[in-house]
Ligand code: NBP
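The data below hold one chain only, encoded as structure tokens and taken in the form predicted alone.
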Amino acid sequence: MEQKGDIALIGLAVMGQNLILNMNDHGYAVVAFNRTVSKVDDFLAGAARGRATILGAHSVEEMIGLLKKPRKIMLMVKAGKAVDEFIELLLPHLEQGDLIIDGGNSHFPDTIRRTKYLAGKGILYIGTGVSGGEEGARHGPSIMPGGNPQAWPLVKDIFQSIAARTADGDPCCDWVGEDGAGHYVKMTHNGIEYGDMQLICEAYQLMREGLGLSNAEMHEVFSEWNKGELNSYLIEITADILGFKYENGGYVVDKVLDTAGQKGTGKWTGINSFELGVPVTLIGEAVYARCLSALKDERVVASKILTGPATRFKGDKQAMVEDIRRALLASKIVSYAQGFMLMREAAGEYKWNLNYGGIALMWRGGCIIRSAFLGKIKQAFDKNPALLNLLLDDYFKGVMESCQPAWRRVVALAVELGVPVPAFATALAFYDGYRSERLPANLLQAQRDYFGAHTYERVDRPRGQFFHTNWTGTGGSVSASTYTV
């Protein structure tokens, strides 16, 4: 009797190959296919050698014929046009109730569109975020599926068996919500990842340029930080990077060009935050910091023309390192708070019922932003599922209060030394703005009314009543219509 596959996976790059091996390790027969079919043979003769239940297919027709019904096909291809092309390639061969899964970094509006389009043809669709890189794909990623709810029972066992697990044994995978919810949560995860990485880089630059610490000293600092509240994958790998040397003894990190790349998910998060009116300032600054880093040639020229302060740090370095740790922790909390604010607003806008504690659990292991810190976020939402903002939770409120003096000293020192800390600074500015009962937007709204008759509300009148003042005496009493973009 011919062996049949439980699931097929299209796309044999690093993530695709490792997910197949992971699934196979957990007892699932997997059909492997790639548009460049020679990669199928290379995979079977290489990483999958000797695995009888990894089946190679050399055409779409052969792949379909090797699958059990209902057929489950996972795409691990480049986001965008390639996903749509494969969907159209697969459709003539599928039957009602078959399932297509997009495991790439697709933009959530595309997933919303594809879910609706395929539902009209009787085909189930899941758009799932998969985080953890090569290691995660092989040994346990964080998986964030969303799409057609009828599809979840078909892949729940597979996904939860291959996913990372928390220390309590919970799988870092659960159903997120309808249509684009899974890819939205993955997008937000990636935005927070941008913020985390930028914050760590600012701490590194402050210690390197501000305090004059060596790579070896910073390796020790990050290794120590990874034992406490900041314990996380990104802190762990930063310590490793700072200690990694060439055979001749030089540090690899010192030879890496200071221009950062990006694939767009951080940008998507920032754009969506503008669309929803949510002040996700830290992720925005992290994206802009990467953009600024890309202006390498301009910065080289500017460095020879523009001057900064000649101040040098003369204080207690050990004490300032502890201040930087606290500033990093506080800023990190702001980054996550903003991310969860964005998801809360998106849930209302796109009609998703998001489980925020469950999302924190999914991020607790396997993914790039995995950290002990996420356990506290899950506890906060378990205690109060309607929590307005993470900053208002008792635990996080206490941490912010304890870190606040150090955080302010760090930002002030960075300004004095001329070391750029856009993420640290914007996180503190957000915190100060969020805790302010009154902001200067009264003046801003008066300005808008002055030049454009845009009207304003009054502190001594009920919300929703709008007023206009003839500020110059010549503008008249006609006002513009009131609306918010």
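Note that residue numbering follows the sequence shown and begins at 1. Just so it is clear, the structure is predicted and the values come from calculations on it, not from any experiment.
Below, we turn to the form predicted together with this ligand, even though it does not appear here.
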Heavy atom of residue 79 within 4.5 Å of this ligand in the predicted bound form: yes
Taking heavy atoms and a 4.5 Å cut-off, does residue 394 contact this ligand in the predicted bound form? no
Taking this ligand as it sits in the predicted bound form, is residue 35 in contact with it (heavy atom to heavy atom, 4.5 Å or less)? yes
Residue 130 versus this ligand, in the predicted bound form: is there a non-hydrogen atom within 4.5 Å? yes
At 4.5 Å between heavy atoms, only one of the stretches 340-348, 371-379, 82-90, 327-335 reaches this ligand in the predicted bound form; which one is it? 82-90
The unique member of 191, 366, 147, 103 whose heavy atoms fall within 4.5 Å of this ligand in the predicted bound form: 103
At a 4.5 angstroms cut-off on non-hydrogen atoms, which residues of 376-402 are near this ligand in the predicted bound form? List them in order. none
